[in-house]
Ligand code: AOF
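Take a look at this single chain in structure tokens; it is the form predicted on its own.
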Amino acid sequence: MNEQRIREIMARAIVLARNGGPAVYPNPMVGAVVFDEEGTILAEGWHQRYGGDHAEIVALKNLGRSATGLSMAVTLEPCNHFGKTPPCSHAIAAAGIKKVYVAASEPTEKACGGCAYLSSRGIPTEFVPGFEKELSEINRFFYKTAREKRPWITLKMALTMDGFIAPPTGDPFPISGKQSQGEAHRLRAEHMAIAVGAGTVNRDDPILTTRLVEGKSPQPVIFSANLSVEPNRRVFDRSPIIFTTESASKRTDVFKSRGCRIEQLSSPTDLAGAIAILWDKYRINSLLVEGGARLYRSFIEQQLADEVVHFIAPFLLGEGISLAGGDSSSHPMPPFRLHAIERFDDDVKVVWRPPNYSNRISSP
């Protein structure tokens, strides 16, 4: 079979992988294709939900017959450990697959070794290059946790052309248009958790759901150093995780009675400790930080942001609360590199990432 056909089949596997979406988190999105010597696709599969069958197993089940003498293309090296499901490498070998094509190696120590296991059973594996950039992008949350043991952090804010996020009073003020609002909710659905500060909760009374798009609403996370947040706000109906420096008291009991998870930090600025808890304890692989300005700046200052997303509206407010701090109208350009620009009606979505950003994946 020629190389071009192998690449076409792998490209199809990547299309399948995207179908998994956030339902697979904190696992990666993976696609698999079973095909014969002529390059005819006989079965397909993708990882559909966390805890469910992996892509390779779905494809083998969809085949509905013996896989002896057939080949498989899979976007990620088959796992080689017993987790929520048995190892895919063992299932592939048992099914009679004669060769496996892989686009990226498994980055975690726990699950790696699938290609070595297959080779030990006389099943050759071959790396298919050229898909690294696309795979590293769709699975950037997975690679972040695999390499750094912490969630991917996205900072998102709507602001005017002169850098203001609210009028001087701080009252809620519509900045973004309807299309931008829909895109902002799509970002919510893409992340496992969403964070705001106590001031945003008290002032705006947000519920932090994906009301404008289909998709699971993210886990609410609230940063409130001294628990100044008001317990009658709507978000507390959604069992948020609250990070605070307050120890056990009547105040914390009030929030616990509403189903909140209270996590104590060593200091109000211990954001690194907070995001470590989000991964180590809750297995949250991605956090969207929506406000307010002080929380936003803290993530920037502590160099914890992996991505900054601004929705810039085409008007000037003249005065108000600035994302840059205080009443300054200086535009808050983060110390990142421009990554993408997209238009939503009259608004512009601008995405930045750190200058040293690299999510390159490795070959088997």
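Just count from 1 along the sequence shown to find any residue number. As the structure is a prediction and not an experimental result, all values here were calculated from the model.
Same protein, other form: the form predicted in complex with the named molecule, not shown, and the subject of what follows.
J.: Give a yes or no on whether every one of Arg150, Ala195 and Gln219 sits within 4.5 angstroms of the named molecule in the predicted complex by heavy atom.
T.: Checked in the predicted complex: no contact with the named molecule for any of the three.
J.: By the heavy atom within 4.5 Å rule, which residue out of Ser249, Thr269, Asn202, Thr108 makes contact with the named molecule in the predicted complex?
T.: It is Thr108 that has a heavy atom within 4.5 Å of the partner.
J.: Considering the named molecule in the predicted complex, which of Thr85, Ser136, Gln264, Thr210 comes within 4.5 Å of it through any heavy atom?
T.: Going through each option in turn, the one that passes is Thr85.
J.: 169-177, 120-128, 156-164, 100-108: which one contacts the named molecule in the predicted complex at 4.5 Å, heavy atom to heavy atom?
T.: Contact criterion met by 100-108 only.
J.: Indicate whether Leu76 is a 4.5 Å heavy atom neighbour of the named molecule in the predicted complex.
T.: Flag for Leu76 set to yes.
J.: Hey, in the predicted complex, is Arg233 touching the named molecule, heavy atoms inside 4.5 Å?
T.: The answer is no: Arg233 has no heavy atom within 4.5 Å of the named molecule.
J.: When the contact criterion is heavy atoms within 4.5 Å, does Ser322 count as touching the named molecule in the predicted complex?
T.: Residue-level check for Ser322: no, no contact with the named molecule.
J.: Evaluate His81 for contact with the named molecule in the predicted complex, applying a 4.5 angstroms cut-off between non-hydrogen atoms, and reply yes or no.
T.: Close contact exists here: in the predicted complex, His81 approaches the named molecule to within 4.5 Å, heavy atoms only.
J.: Taking the named molecule as it sits in the predicted complex, which residues of 27-55 have a non-hydrogen atom within 4.5 Å of it? Please list them.
T.: Contacting residues: Asn27, Pro28, Val30, His47, His54, Ala55.
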